[in-house]
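The chain below stands alone and is given as structure tokens, in the form predicted alone.
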Amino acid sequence: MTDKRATFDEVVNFISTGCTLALGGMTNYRRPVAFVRSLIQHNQETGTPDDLTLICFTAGLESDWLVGAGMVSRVRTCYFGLEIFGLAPMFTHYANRGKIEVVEETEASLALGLRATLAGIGFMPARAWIGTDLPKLRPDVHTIKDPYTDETLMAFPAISPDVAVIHVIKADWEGNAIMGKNKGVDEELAVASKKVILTAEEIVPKLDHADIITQFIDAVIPAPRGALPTSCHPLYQIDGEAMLDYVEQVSDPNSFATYLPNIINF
């Protein structure tokens, strides 16, 4: 058995300046908040990493923190916001001013890009985006002819993040893990990414079943209540007051700088 237990300090250097970082979770559920706190603290102390490309199926609170901390230059997601709590203030601020690159994505383009990597090929064909203006916004996404039907399809390029960070309900020492029922695309992220870090509510010696298996995991970090203030059903619900505090206090770089100690000194 390979013991993959680690600490935040031991794995934070997995994320280097300029790399592509994927964060797991879905909307305001099971976000790797504790890891992002640690990463921002590391950035405040050392100045690195920065110039990150951030990939999320849906981007939420912790993603907005990374943008506010000046660590993200490029975003790939089909949604960036805080659901009923409103807009993601720092993403909104920088995106509206053209100071962060927003790569147009949809659920289909992200999922198909990851599945292309899983299949070991450079693209995944699909009917998604056909007949829309999205290809005008993504000239890197080409069309292809189906050799059997001559139908025109979109060829979505493979996506392989440098590092993925996924928060899980329970993991064992080897990195096998249980995520719960709302998986998003985290199973695909775990297989498609070059390195995978798990943060876990609980770590036990051995699991008898798993959603993610050890072969794809590089490190597992204990992080009880590590998704707060987002939820981690069925263990705890969202901390709505903390979410509201953030959107009420933060609207621009100055107010984010004032709020920043709440993130790194949690």
Partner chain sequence: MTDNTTYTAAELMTINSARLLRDGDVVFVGVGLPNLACNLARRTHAPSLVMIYEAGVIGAQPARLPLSIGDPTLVSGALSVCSMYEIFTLYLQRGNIDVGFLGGAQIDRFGNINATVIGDYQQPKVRLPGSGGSMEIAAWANRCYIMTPHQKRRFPERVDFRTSAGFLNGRSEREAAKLRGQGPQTVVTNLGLLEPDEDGELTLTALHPNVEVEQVRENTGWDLKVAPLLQVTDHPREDELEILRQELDPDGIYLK
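Residue numbers count along the first chain shown, from 1. Just so we're clear, the structure is a prediction, and the values are computed from it rather than from any experiment.
Keep in mind the form predicted together with its partner chain is missing from the figure; the text below concerns it.
Distance criterion of 4.5 Å from any heavy atom to its partner chain in the predicted bound form singles out 185 from the list 192, 90, 185, 179. A heavy atom within 4.5 Å of its partner chain in the predicted bound form is found for one listed residue only; from 158, 163, 126, 141, this is 126. Between 212-220, 226-234, 199-207, 36-44, the stretch whose residues reach within 4.5 angstroms of its partner chain in the predicted bound form through a non-hydrogen atom is 226-234. At the 4.5 Å threshold, heavy atoms of residue 137 reach its partner chain in the predicted bound form. Under a 4.5 angstroms non-hydrogen atom cutoff, its partner chain in the predicted bound form lacks residue 121 among its neighbouring residues.
Contact annotation for residue 73: none of its heavy atoms lies within 4.5 Å of its partner chain in the predicted bound form. Shown alone here, residue 131 lies within 4.5 Å of its partner chain in the predicted bound form, counting heavy atoms only.
When contacts are defined as a non-hydrogen atom within 4.5 Å, all of 78, 106 and 245 contact its partner chain in the predicted bound form.
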